[in-house]
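Before any questions on binding or motion, here is one chain by itself as structure tokens, the form predicted on its own.
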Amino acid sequence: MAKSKKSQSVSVAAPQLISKRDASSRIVGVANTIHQDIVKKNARPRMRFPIRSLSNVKYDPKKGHFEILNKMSTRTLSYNTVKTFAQSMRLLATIKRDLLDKNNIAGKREVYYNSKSWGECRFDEQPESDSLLDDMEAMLAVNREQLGFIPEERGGEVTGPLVVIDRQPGSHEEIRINCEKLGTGAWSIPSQVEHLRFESKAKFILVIETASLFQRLVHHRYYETANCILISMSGVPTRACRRFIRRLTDDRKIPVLVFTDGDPYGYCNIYRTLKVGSGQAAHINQFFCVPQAHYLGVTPQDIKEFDLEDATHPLEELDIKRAKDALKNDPFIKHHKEWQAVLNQMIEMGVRIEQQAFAKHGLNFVFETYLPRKLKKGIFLP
């Protein structure tokens, strides 16, 4: 794969996870502080959480991800907050006692139902418990996978020249999964990926937004032609998918290229979330972003270069609003003039384009012509 300056892999240190013992100690520390507020200071206890929004993050290109700033929210025990405060304490106790101390796991839905035994401080609806779990994650500065929570969504699919070394639960027997020898299927990324090891001589990783295009590339075994690992995101990548890609590229030093639809959602939600993280999850972005990633396509310029003007769709009001909001408020977009130019060009053209639009020139045009030409040129967006 020809490379320009922009397509070179970013050198970013792999983030270090804390141990379960340290995570447990942080929970004990929170409990001790609350106890001291009550017993020693004779004061109302309180908890402090980082504000999780795009307005409370900064983008450091050297670190490669959104970082949380110092704006905090304080939850003080009062008449109005007594139920939420009690729920917070019960949730912290559950995490320590039932998950960390017992090396157990739980889904977010299970936490909601587990609270039905908490009496008056039980959760009425799951969004309550989901939101509180996000608060606990931010307060402890420990991602919830480390605390024992497993996501309920699929993690993405992988195929190509990659051996994943997994292990059997219980016996810990080593299992070698050759992702190139799965027939017409692909390997599903599990919810927990920290223990995985990898072997690969692939030239790059191609991360794909849509399942249909991923399946086309798998069907025609494009990974053999290009010597690349194919990963399907199926929309905004899950935390497991992002963490898997980050771990893989950290471990094997393989460049990452991302291929999404050419619209504000593909650029500012899917790609940007994979590349630098999000404002909502800024407290743990360092684990779930892939600063090494570069954007391959689809771009507004591709519409012109590949004669796709009649295969586009008009921008909707929501598209325009999302693009203008990113230009005004997104620290990542504001840092990179290249992305500002892309969004402005798209707004000026007034159209968006899907990955499948290349089928105008033939069903296999995307991997017979488009991808080879883009890879040979080797100039990708940051």
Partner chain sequence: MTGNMANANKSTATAESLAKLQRDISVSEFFLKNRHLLGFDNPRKALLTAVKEAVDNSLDACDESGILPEISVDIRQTGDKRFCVAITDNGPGIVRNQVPKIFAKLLYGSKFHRLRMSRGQQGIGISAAGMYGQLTTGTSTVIQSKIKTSKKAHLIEVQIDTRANKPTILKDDELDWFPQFFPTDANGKPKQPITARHGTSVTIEMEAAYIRGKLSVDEYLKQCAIVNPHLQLHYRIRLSGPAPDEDSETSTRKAVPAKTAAGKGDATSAAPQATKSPPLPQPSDEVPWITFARAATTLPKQPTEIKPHPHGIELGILMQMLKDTQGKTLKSALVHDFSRVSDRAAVEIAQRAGLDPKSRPTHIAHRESEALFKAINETKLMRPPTDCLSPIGEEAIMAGLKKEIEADFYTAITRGPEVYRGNPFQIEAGLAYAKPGANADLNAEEPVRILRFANKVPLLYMGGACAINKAITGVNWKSYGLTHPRGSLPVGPMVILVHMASVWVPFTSESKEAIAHYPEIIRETTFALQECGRRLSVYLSRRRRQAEMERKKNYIELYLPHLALGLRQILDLDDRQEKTIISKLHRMLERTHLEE
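The term rigid core refers to the maximal set of C-alpha atoms that superpose within 1.5 Å between the two forms. Positions refer to the first chain, counted from 1. It should be emphasised that the depicted structure is a prediction, and the values quoted were computed from it without experimental measurement.
Absent from the display: the form predicted together with its partner chain. The rest refers to it.
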- Query: Using 4.5 Å between non-hydrogen atoms, is Asn178 touching its partner chain in the predicted complex?
  - Reply: no
- Message: With a cut-off of 4.5 Å between heavy atoms, is Lys96 one of the residues that contacts its partner chain in the predicted complex?
- Response: yes
- Message: Taking its partner chain as it sits in the predicted complex, is Met139 in contact with it (heavy atom to heavy atom, 4.5 Å or less)?
- Response: no
- Examine Leu92 and determine whether its closest non-hydrogen atom to its partner chain in the predicted complex is within 4.5 angstroms. yes
- Query: Which single stretch, out of 239-247, 224-232, 186-194, 82-90, brings residue heavy atoms within 4.5 Å of its partner chain in the predicted complex?
  - Reply: 82-90
- Tell me, which of Cys268, Cys121, Leu132, Ala211 has a heavy atom within 4.5 angstroms of its partner chain in the predicted complex? Cys121
- Among the candidates Leu54, Ile34, Val351, Leu343, the residue which, in the predicted complex, approaches its partner chain to within 4.5 Å (heavy atoms): Ile34
- Query: Every residue in Val28, Arg44 and Ser78 with a non-hydrogen atom within 4.5 Å of its partner chain in the predicted complex?
  - Reply: yes
- Task: Kindly check if the Cα atom of Met47 is displaced 2 angstroms or more between the shown form and the other one relative to the superposed rigid core.
- Result: yes
- Task: Superpose on the rigid core, then tell me if the C-alpha of Ile175 is displaced by 2 angstroms or more between the shown form and the other one.
- Result: no
- Does the distance between the two CA positions of Gly185 reach 2 Å or more between the shown form and the other one, the core being superposed? no
